[in-house]
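What follows is a single chain, given as structure tokens, in the form predicted on its own.
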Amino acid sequence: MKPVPEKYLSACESAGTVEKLTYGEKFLLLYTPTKPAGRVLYLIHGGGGDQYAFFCPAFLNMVDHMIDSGELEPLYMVAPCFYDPKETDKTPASSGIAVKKFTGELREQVVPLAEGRIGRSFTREERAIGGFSMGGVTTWYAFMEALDLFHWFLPLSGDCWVCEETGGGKQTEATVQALVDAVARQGAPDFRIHAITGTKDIAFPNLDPQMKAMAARPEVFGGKVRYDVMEGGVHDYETIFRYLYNALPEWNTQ
């Protein structure tokens, strides 16, 4: 994993804009680059976080510089929040309930609002979704329920909880079978998954066995899944931003 260049931590002269779009009692943040873009990335925060977890100076400066330098093709980015506005219980158990039901909101409200503001509806090949920790769990639910919306999935330090909390480690085979069944149920479309974690990440013991079990099902996941593990990688946003610095340019060739 290449480190993020030091200069990318500072503001870029060609900085994109961020605006707040409301729906009901909730809102999302929309990043628009300075250059014309033909794709959109939906980014989901981790447990206890909100829309600003990704849309902070460190990450936005990095993306601005990547686009300005040509490392990354221009893209829109959308940051919603899976919690209800009045939710105060943000424990893993409560967060797990919130992310499980979020895919419906993503489909029915977040995507139409964001793309309505952009002024066009994107194809599934032009859409990606990713997230950190509970946002990674959300990404797996999107994979299981919204393959018609998204082509590229970036679960970062978060396993699939469809069977139970931290089910990627506790019920590995059942979890992978549920993912296999979800692909078949949705018509087995083409897709790409790029999962990343670190050896010192609290999610590693749960994501690692899941990804290895997925690799043992090449009839479904062969040639469609990439799994990276950074030695010493921990469970924080600074590390996740480094993962994305390395992973996002992959979308240039998808």
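The numbering used is simple: start at 1 and walk along the sequence shown. Note that this is a predicted model, so its numbers are computed, not measured.
What comes next is about the form predicted together with a small molecule, which is not displayed.
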Non-hydrogen atom contact Y141 with the small molecule in the predicted complex at 4.5 angstroms: no
In the predicted complex, M134 touching the small molecule (heavy atom, 4.5 Å): yes
Close approach of G130 to the small molecule in the predicted complex, 4.5 Å, heavy atom: no
4.5 angstroms heavy atom contact with the small molecule in the predicted complex for P209: no
Which of 155-163, 72-80, 111-119, 97-105 sits within 4.5 Å of the small molecule in the predicted complex, heavy atom basis: 155-163
The small molecule: the contacting residue among A203, L43, M214, V40 in the predicted complex [heavy atom, 4.5 Å]: A203
